[in-house]
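Shown next as structure tokens: one chain only, the form predicted alone.
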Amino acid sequence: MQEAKKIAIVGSTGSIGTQALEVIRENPKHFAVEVLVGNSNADLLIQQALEFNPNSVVIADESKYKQVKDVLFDKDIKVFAGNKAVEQIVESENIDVVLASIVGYAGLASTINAIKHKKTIALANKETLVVAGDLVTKLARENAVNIYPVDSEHSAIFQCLAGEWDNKIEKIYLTASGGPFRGKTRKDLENVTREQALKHPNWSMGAKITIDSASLMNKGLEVIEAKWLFNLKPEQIDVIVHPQSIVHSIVQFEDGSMKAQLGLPDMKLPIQYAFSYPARVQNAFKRFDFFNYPQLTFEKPDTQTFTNLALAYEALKKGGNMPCVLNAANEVAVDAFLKDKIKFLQMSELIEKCLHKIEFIQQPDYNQYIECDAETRKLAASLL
């Protein structure tokens, strides 16, 4: 029997990380935890380490190092702390797959380092490709590294393309639930609260991604990610609103034929597929029943109300450092909204101002991406 794949979960205490551990818990013959990386939730990281007994754990928040170290001291688990350790831990030669699931720009450095050390990537951090897609995909090609998407939409496209690699894609359709404010007007959205925006109708996700979903920025970031994952032009990527979240995405080939991937809204399935690819592994996840969903509906996204999606397309078409600006401004905007510093619609206004004020760079290198990210955050903060 094949040995269990050794997984490093970078972002183990977040929404994707905890669901990845559920997948591993259900499939101990297929997957084992080699490394756990958490941000600041020391209690949960300790609990995970005690259950899964990894080789090493890293806590990004250095002030929590002693707490983690003291508990795991006699468990033969190595403990490290700090952002540099997060970046370096993925170099471990025992790792087969790195699950990149730190939310936001913070996930970029460790993912790039994992690619440089020829680790297979299960990518849940869409911002990595949004910020530096050209750089990351080039690096992956140079190091012969496979990047398997974990986002449900990109996993769907990837699954539809299995066995079709030589066939030309005419178009892909990324589906969007429409979030909690589907059908609302700009007037309706003027005074929505943080609590209302955090109530997603179908998916259970962390706060940042849930707000992105409510503003349709999540879909905008996914459009940019799809360009790099599947080597597409912006006009080959369409978004359709599908409130039931059963059809996860669709590929249309040049003969007009279409393939869709369907399933219940559950992130465990795309996580498992990224871990097990090219095999499919049996599981006990809940199954989809057509008779519980007698109607599947589709509609056009409202980019007049939800301008973030239009801004993402604008950044993608312009290229260069603009997607990096879009992402940095959005991270500042979402953080400000979650802290009640700005209103829901003001997030888009802030992002648009940054896109028009930051200097355009056609082909940035890694250091220019870092500078652009810092400069945009500074500008966005000053505009709040």
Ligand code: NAD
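Numbers for residues come from their place in the sequence shown, where the first is 1. Computed from a prediction, not measured in an experiment: that's the story for all the values here.
In what follows, reference is made to the form predicted together with nicotinamide-adenine-dinucleotide, a form of this protein that is not presented.
Of the options 32, 334, 60, 355, which one has a non-hydrogen atom that comes within 4.5 Å of nicotinamide-adenine-dinucleotide in the predicted bound form? Spelling it out, the residue with a heavy atom inside the cut-off is 60.
Using heavy atoms only and a 4.5 Å cut-off, determine which of 246, 103, 147, 197 is in contact with nicotinamide-adenine-dinucleotide in the predicted bound form. So the residue touching nicotinamide-adenine-dinucleotide in the predicted bound form, by this definition, is 103.
Decide if the three candidate residues 179, 215 and 329 all line nicotinamide-adenine-dinucleotide in the predicted bound form, where lining means a heavy atom within 4.5 Å. Not a single residue of the candidate spot has a heavy atom within 4.5 Å of nicotinamide-adenine-dinucleotide in the predicted bound form.
Residue-level question: is residue 265 within 4.5 Å of nicotinamide-adenine-dinucleotide in the predicted bound form, judged on heavy atoms? The answer is no: residue 265 has no heavy atom within 4.5 Å of nicotinamide-adenine-dinucleotide.
Is the gap between residue 323 and nicotinamide-adenine-dinucleotide in the predicted bound form 4.5 Å or less for some heavy atom pair? Flag for residue 323 set to no.
Would residue 209 show up as a contact with nicotinamide-adenine-dinucleotide in the predicted bound form if we use heavy atoms at 4.5 Å? Residue-level check for residue 209: yes, a contact with nicotinamide-adenine-dinucleotide.
So in the predicted bound form, is nicotinamide-adenine-dinucleotide close enough to residue 348 to count as touching (4.5 Å, heavy atoms)? Result no; residue 348 lies far from nicotinamide-adenine-dinucleotide in the predicted bound form.
Name the stretch, out of 5-13, 357-365, 371-379, 20-28, where some heavy atom lies within 4.5 Å of nicotinamide-adenine-dinucleotide in the predicted bound form. It is the stretch 5-13.
Along 124-152, which positions have a non-hydrogen atom within 4.5 Å of nicotinamide-adenine-dinucleotide in the predicted bound form? Contacts from 124-152: 124, 125, 126, 127, 151.
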